[in-house]
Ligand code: 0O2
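Next up is one chain by itself, shown in C-alpha cells, the form predicted alone.
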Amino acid sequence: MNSNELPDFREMRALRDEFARFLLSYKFGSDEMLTKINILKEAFELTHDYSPIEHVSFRLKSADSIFEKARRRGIELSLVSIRKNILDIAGIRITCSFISDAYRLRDMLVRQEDVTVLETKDYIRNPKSNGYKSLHILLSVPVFTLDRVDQVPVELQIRTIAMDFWASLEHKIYYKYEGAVPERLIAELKDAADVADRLDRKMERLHEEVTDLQRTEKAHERRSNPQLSEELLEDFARAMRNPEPRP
C-alpha cells in the first residue's frame, strides 16, 4: 500500500467507527425499552400471579439492510438523513397470550413519563389485506451518553402467539418465493389468518370465563373466612416480635 492510499483507509475507518457509534445508540435505546418491559413483566407476575408477556425478542437492522432500505426509498446516504427517515432500525417484538394483553401492555408502556409515542398502527383492529395482524407502536426513549442525550426511536410489535405464528409462516413463504407467491398460497394464507383470529377470540373468551370463576371463588372464600388474612398477619407479626430461641 503506498502513501496515497493511507488517507482513504483512515477515512474508511473513521466512517466505520462513526456508523458503529450510530448503531450503538439504537442498541442502548432498545436496552432501555427491554428493561422497562422486563420490569413490567416481573411486577405483573408478583402482583397478579400472571404475566401478559409470553416472549420478547429484539433485532437491530444491519448496515446492509439500512443502506438497502435507504436506496429503495431514495434517502440520502448520510447518518443525519438515515436517522430522520428510517425509524425502525431498532425493533422489539412482544408475544402475548391474548388480544387484551396486547392493549394492556401498550397502555402500561406508553404511560411512562420518559416514553414518547411517535406513531401507532393498529393492525389488530384493522388487519392488512393479506390477513396480517399486530399492534405497531413507534416510541422514542432518552439515551444518556457521555456528552449528550439522544431521543432514540424504537419500534414495538405486540401480537398474540397465533398472530406471531402466522406472521412467521407468511414471511418464510414470501422469502421462499422471493415475493412472487402463487395466488393459491395467498388465498390459503388469508384463510389461515381468519382461523388464527377465531382461535384468538375463542381463547380470549375461555380465559375470561376462567378469570371470572377465579374471582367468584376468591370472593366466596373471603366471605367464608373474613378474619383469615388478618389472623395470619397478626400471627406473623407476633412471631417476628417474639422469635423462638434457637436450641
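The numbering used is simple: start at 1 and walk along the sequence shown. This is a predicted model, so every value here is computed, not measured.
There is another form of this protein, the form predicted together with the named molecule, and it is not shown here; the text below is about that form.
Shown alone, this chain has one stretch from 115 to 123, 99 to 107, 145 to 153, 76 to 84 that lies within 4.5 Å of the named molecule in the model of the complex by heavy atoms: 115 to 123.
A residue is said to contact a partner when one of its heavy atoms sits within 4.5 Å of a partner heavy atom; Arg59 meets this definition for the named molecule in the model of the complex. Using a 4.5 angstroms threshold between heavy atoms, Gln157 counts as touching the named molecule in the model of the complex. Interface membership of Arg111, defined by any non-hydrogen atom within 4.5 Å of the named molecule in the model of the complex, is ruled out. The named molecule is not drawn, but in the model of the complex it has a heavy atom within 4.5 Å of Ala167.
Taking the named molecule as it sits in the model of the complex, the stretch 126 to 140 comes within 4.5 angstroms of it through a non-hydrogen atom at Lys128, Asn130, Tyr132, His136.
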